[in-house]
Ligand code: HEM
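The chain below stands alone, shown as structure tokens; this is the form predicted on its own.
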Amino acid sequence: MRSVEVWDFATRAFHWLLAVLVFVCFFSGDDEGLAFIIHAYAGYMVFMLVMFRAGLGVVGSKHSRFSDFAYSWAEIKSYGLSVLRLRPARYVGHNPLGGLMVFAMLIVLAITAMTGIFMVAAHLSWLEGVHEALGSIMQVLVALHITGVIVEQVLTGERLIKAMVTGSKETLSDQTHQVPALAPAWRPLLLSAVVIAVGVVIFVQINFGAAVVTFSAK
């Protein structure tokens, strides 16, 4: 076995910042006052982070790209059965169930954030129920994600949480040929600049700050 770099800084920073913001959203869900303002701003930052992750899925490092963990249903089913048999295979990047979870969480997060933004900016109160339902689905996905990480660590011995902190992962000798160089730092930096610019333009154009204050005082 050898230690290799798998997750670049951009992917790790996205992961942990998103985790913090999602939990802030979970615990600041009141529909008025300061709690709602915090919830709305955290949700808008989640929206920007999802845009950033979508970009990483195209131009990021090998194991951050969507193409790396877009497994077929046959592969997902086979891996799921191997987990039930308590003998899952080890992957350098995301395993098939982990890859499926990434797609599910990003899609739900994107729709949840957008319904929240439309609800506030366009005063579409009827979206509130949809937004809350999506938030509940997200809570289930987060619980499944955490459970999946724990189960994989127990069954394979991989230190997945440590890997998402340090970026390095212990790989089997026959996996080392699969490990590519990480993407150059300028790519996520340029992507960050584009996402921030787009996020600021949208924020200003829809007058989101004023809309949040008005909505919180309803």
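Quick caveat: nothing in here was measured; it's all calculated off a predicted structure. Throughout, we count residues from 1 along the sequence that is shown.
Another form, the form predicted together with the ligand, is not on view; read the next lines as being about it.
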Legend entry - Contact test in the predicted complex: Leu191 vs the ligand, heavy atoms, 4.5 Å: no
Inset, instruction - Could you confirm whether Glu170 comes within 4.5 Å of the ligand in the predicted complex, counting heavy atoms only? - result: no
Inset, instruction - Using a 4.5 Å heavy atom cut-off, state whether His145 contacts the ligand in the predicted complex. - result: yes
Inset, instruction - Flag Ala113 as yes or no: does it have a non-hydrogen atom within 4.5 angstroms of any non-hydrogen atom of the ligand in the predicted complex? - result: yes
Inset, instruction - Establish, in the predicted complex, whether Asp30, Gly43 and Ile161 all lie within 4.5 Å of the ligand, using non-hydrogen atoms for the distance. - result: yes
Inset, instruction - Would you mind checking 100-124 for residues with a heavy atom within 4.5 Å of the ligand in the predicted complex? - result: Val102, Met105, Leu106, Leu109, Thr112, Ala113, Gly116, Ile117, Met119, Val120
